[in-house]
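The chain below stands alone, shown as structure tokens; this is the form predicted alone.
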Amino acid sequence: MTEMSYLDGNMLDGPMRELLTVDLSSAVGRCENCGMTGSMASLHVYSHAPGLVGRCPSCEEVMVRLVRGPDRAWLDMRGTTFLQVPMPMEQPFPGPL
């Protein structure tokens, strides 16, 4: 087996920063429980907890939890099998050096 070279997690900084600064209302996600696929804007969001809870509009299972503290945030997407985010065409991911 050939040993593959790798880069450390810092390589993800630019692409993840670009990904997480886009408007997620047009992003598409799939519910892990029922398989429904739809825009994140269609989630039923509840703010009665210490944070925000986004539930699937079809089966009401939790897809997203977001809690914000004074100096950090926690994002839990265990109920989402994927998140498809529209990206601008002019900013391709950098290739290996």
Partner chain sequence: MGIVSPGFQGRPRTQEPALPPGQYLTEDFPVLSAGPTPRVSLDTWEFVISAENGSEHRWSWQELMALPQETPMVDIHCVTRWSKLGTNWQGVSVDTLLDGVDTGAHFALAHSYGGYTTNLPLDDLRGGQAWVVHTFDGAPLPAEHGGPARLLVPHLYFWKSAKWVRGLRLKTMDEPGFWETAGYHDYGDPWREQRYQGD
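Remember, predicted model here, so these are calculated numbers, not experimental data. Numbering follows the first chain given and starts at 1.
Quick note: we don't show the form predicted together with its partner chain, though the next part is all about it.
> Residue 51 near its partner chain in the predicted bound form, any heavy atom under 4.5 Å?
Close contact exists here: in the predicted bound form, residue 51 approaches its partner chain to within 4.5 Å, heavy atoms only.
> Quick one: does residue 43 come within 4.5 Å of its partner chain in the predicted bound form, counting heavy atoms only?
Result no; residue 43 lies far from its partner chain in the predicted bound form.
> With heavy atoms only and a cut-off of 4.5 Å, decide whether residue 78 touches its partner chain in the predicted bound form.
Looking in the predicted bound form, residue contacts with its partner chain include residue 78, since a heavy atom lies within 4.5 Å.
> Would residue 69 sit within 4.5 Å of its partner chain in the predicted bound form, counting heavy atoms only?
Heavy-atom contact with its partner chain at 4.5 Å: present for residue 69.
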